[in-house]
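One chain comes next, on its own, written as structure tokens: the form predicted alone.
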Amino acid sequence: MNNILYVDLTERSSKVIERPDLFSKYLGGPGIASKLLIEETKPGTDPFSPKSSIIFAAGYLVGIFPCMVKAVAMFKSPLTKNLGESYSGGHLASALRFAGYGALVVHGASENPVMIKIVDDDVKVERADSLWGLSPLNVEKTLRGHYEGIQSVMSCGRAGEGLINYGNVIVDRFHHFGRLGLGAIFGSKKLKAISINGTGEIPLEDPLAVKEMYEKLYDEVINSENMLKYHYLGTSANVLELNERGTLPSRNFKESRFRGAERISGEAMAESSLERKISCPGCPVACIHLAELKTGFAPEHEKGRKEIFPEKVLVPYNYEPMYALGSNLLVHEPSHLLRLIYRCEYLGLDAMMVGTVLAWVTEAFEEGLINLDDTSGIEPRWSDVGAYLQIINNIVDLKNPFYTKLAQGLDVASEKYGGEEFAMIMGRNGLAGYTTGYGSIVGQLVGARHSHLSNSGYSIDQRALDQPIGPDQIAKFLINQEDWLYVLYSLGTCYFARKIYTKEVVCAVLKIMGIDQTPEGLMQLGKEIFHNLYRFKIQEGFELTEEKIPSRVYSMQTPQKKLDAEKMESIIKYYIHKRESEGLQLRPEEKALKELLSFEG
């Protein structure tokens, strides 16, 4: 676990450095990656510069205990211009561990397309001209070999090759490093793919104690109520649940219920389209749900023609793309929703950000902010999947100046064309599909990667339905949850298993591994990891006090009625005050409290 593999694409060389100092303190995952990101990235480095590094790190307990499956990627994001932090399941974390590494650092850039091939200690940088232009799905098929051990393949698509700022990296066909533009970083380095094959072992000091704990946790995973939802329907179960509560974004957050929710619900998809479920290595849950879609034999040659040669493909679906490309665009046909998801998969685009962009484009066209000259003759209309597919293609093709702006991010496009008040982004990242209340909005604003998974803000909103919760309590919850989740992520814990791995359970598991920790010690570790990440953001010019909340947030209907700007500001003030009392400076000293945030509207 102490080994870090460094690969230089410019020199086509590699080396291994042991860093027991890092791993003994930060364990793995974002703990390690946060320190390496600061070490590897000088302030102000262009995300597309050869000097910009990518750090992959496996969780400390990956390959040992159930649901320990996650790897993290950290980089400077081309979308936000600060922290890029993304997680993926699949085989990657296990392959990295069994190959003998706790982390992989990629820097430099190639003049020609290349791929990295790792088989244990055999590391090569090879030409990949024949892979350039292929979809990540076809790259995975090409590189998938008959190796011993465990193999993982990750690659970018045409979106990454074209430096689209929300191009993603697809891992093992059905998993993703999404949201913040890792695919574009791959493209800027001419790095098409990475294949890692690990055939080694993870030595254990007390295998019998590990076995006993494993069986206990395994039983909890498969027999308790904590994770049944993820096996049966996955997160797609949220569609009907959130719609019933009035917290499902629709029509670009203008509405919080969707009339077509039943048709694209997890229940309906399971009945009409579900083909199979798959698991990550070491996880018995099988939360990845795959739907069957009939598509053209060669999608890259469709060009709007009738699909004469249908073939069946498997498309992963879960709540986030179902909201972003479904309810938020008023798309209610399952096959249409799957076509949109598949187009994002095929091109290597983050589906959530694409949905956010398409919703803004549709409303901007309605409002007369953009016209047919901008869209190259396409009329974006709600639920018009044909138009949306063409728009997606045009973004990746950088067809004209309008699409080039969209490719750079919605902050860039809305600044140029207007409509910032309904550009549903914060920290330049698209909002997640939860109109639950204050916790969700503030949680995404303050989170290091501006994600609902940074601090589970929606869950404190659920509690607020049963009892009054003050601004200080919401801020405290977000902070505690952020700190704890960074501990879990550093171990490699899947977010879905957070109720299984409580503080007491984690302490007991670490003790078996020879590490004595207390709940208080773990929380302090999580806090330090969060501070490291925010210091990187601040180093790269991020100021929380400069961030704006789109004014539409205040007209949304939520279970807590319409949100009040003063209460929102109070929560943020409490949050900043608490974080600053920990020693993390979040605002320039010369700014007065009354200037903390500028709210639109």
Partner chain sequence: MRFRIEVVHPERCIGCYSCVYACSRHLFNTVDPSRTAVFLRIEGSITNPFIPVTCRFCKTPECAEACPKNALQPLPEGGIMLITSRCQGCETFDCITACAIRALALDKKTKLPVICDKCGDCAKYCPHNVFKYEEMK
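Not measured: the values here are computed from a predicted model. Numbering follows the first chain given and starts at 1.
Omitted from view is the form predicted together with its partner chain, to which the following refers.
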| item | value |
| --- | --- |
| Contact segment among 70 to 78, 356 to 364, 465 to 473, 146 to 154, judged by heavy atoms lying within 4.5 Å of its partner chain in the model of the complex | 146 to 154 |
| R173, heavy atom within 4.5 angstroms of its partner chain in the model of the complex | yes |
| Its partner chain contact in the model of the complex: G133, any heavy atom under 4.5 Å | no |
| Non-hydrogen atom contact V331 with its partner chain in the model of the complex at 4.5 angstroms | no |
| K211: touches its partner chain in the model of the complex, heavy atom cutoff 4.5 angstroms | yes |
| Within 4.5 Å of its partner chain in the model of the complex, all of M426, R535 and R587 (non-hydrogen atom) | no |
| In the model of the complex, the one of E311, E201, E126, E111 near its partner chain [non-hydrogen atom within 4.5 angstroms] | E201 |
| Answer option from D461, D483, E140, E161, heavy atom within 4.5 Å of its partner chain in the model of the complex | E140 |
| Neighbours of its partner chain in the model of the complex among 94 to 109 [non-hydrogen atom within 4.5 angstroms] | S94, F98 |
